[in-house]
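There is one chain below, alone, in structure tokens, taken in the form predicted on its own.
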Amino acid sequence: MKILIKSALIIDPQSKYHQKKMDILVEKGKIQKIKKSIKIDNKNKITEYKHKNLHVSPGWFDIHVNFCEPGYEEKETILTGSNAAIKGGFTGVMLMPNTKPYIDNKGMLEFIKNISKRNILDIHVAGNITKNCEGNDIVEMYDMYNSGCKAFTDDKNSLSRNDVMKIAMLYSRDADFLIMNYACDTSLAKGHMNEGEISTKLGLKGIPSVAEEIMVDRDLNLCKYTNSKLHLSYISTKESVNKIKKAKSLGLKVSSDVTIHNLFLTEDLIKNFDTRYKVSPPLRTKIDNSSLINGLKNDVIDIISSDHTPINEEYKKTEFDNAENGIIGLESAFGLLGKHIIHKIGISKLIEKISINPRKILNIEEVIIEEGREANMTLFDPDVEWLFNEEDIKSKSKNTPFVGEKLKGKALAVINNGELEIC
């Protein structure tokens, strides 16, 4: 398939064409030409893509998504999750191992990979750190790594045992995979929202910021002791940002991510017991929001993720104490970033956080917009305003507070593995 992209502003800090408006010719899955103007004699054999204010970047990658299959297909399947990712402009995702059975062995990993084959969407699979995600016995990491597993995590089941975390990090040091941990001291995090004045007024048990920060300290100390790589997931507090900043300045091999909603939503939205805003980690304060955004600007935080978490309606529309945590985020991701974040960190920095850094940190083959490279690109308009409606949701679940909201910036199409698909 031949694809000609006309007059697109290239946003790729790795490329010599960064911030240049160019034509791009894609043929047989590769970028054949990048020039100011490309003319084709036989237009019948080519798909031409034009759009006012067209931008193109390396294909977006979400490091935290839940597609729920196998075990929870009523929430999401790999097919519906893939459709949601493509609708949102993503060409790659990494599935969290929150399935039943868990992805805690080579057989399950290969099973998920076999049913995850979607030509235009690159699907990577994270394995559990511990068997049955129980936090005790380490999985056969080398077997899973040799089967293509790039990262290990028990995701929202924070790994609390120090000895288990130490062993996992030592294993990772001797191979080329990543240990990811959600920093959360579960003995302190038995609440339902951020601990503070609002939780007290509402009579809800709170989750203090120190529950995260204590575990950040623990993980950073083990990272230093084992001289290994560490990725801290779902950072949400000002003090966590400060701790990671200090660790990076000391040369520790640490990276981190933040979810989109934790960048601009706050605990104030819980005042009416609206369960749509119940997430983990909880929504914090404006001070935390500002620190997280500064962390992105200063490269303390490396990645932005959607933390796409489908939940059945009956488990959201219930009492706040009983409601499950999570928001679906793939379809609305870029529109929310365009509305709330781009003007604060700049579009080039944003592309680093949603495209370049996730692949770099996972040691996945880099994607660069240059001649001779594989064509893996997202086409988008960062300035278009649009109304996010339920019809835009391709996920099987609808748990999002953003339906009916005007967003800014939209994915238009994705190109990957020799195919073009309109978002």
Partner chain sequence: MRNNLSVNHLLGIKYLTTSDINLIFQTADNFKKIINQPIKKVPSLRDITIANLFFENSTRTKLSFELAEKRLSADIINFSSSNSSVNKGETLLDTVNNILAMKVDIVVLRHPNPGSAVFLSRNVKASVVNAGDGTHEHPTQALLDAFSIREKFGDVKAKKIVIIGDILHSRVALSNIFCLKKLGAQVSVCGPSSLMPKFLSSLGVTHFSNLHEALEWCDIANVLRIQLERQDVNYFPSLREYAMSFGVNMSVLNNLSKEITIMHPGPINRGVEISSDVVDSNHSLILDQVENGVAIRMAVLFLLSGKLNNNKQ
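Bear in mind that the values here come from a model prediction, so they are computed numbers and not experimental data. Numbering follows the first chain given and starts at 1.
From this point on, the text means the form predicted together with the partner chain, which you will not see here.
Novice: State the residue from Asp176, Asp163, Asp137, Glu319 whose non-hydrogen atoms include one within 4.5 Å of the partner chain in the model of the complex.
Specialist: By the 4.5 Å heavy-atom cutoff, the listed residue in contact is Glu319.
Novice: Since exactly one of Phe111, Phe273, Tyr142, Phe264 fits, which has a heavy atom within 4.5 Å of the partner chain in the model of the complex?
Specialist: Only one listed residue qualifies here, and that residue is Phe273.
Novice: Counting only non-hydrogen atoms, choose the one of 216-224, 197-205, 90-98, 253-261 that falls within 4.5 Å of the partner chain in the model of the complex.
Specialist: Within 4.5 Å of the partner lies stretch 197-205.
Novice: Report whether the minimum heavy atom distance between Lys190 and the partner chain in the model of the complex is within 4.5 Å.
Specialist: Flag for Lys190 set to yes.
Novice: Judged by heavy atom distances of 4.5 Å or less, which residues of 399-419 approach the partner chain in the model of the complex?
Specialist: Going through 399-419 in order - heavy atoms within 4.5 Å of the partner chain in the model of the complex - there are no hits.
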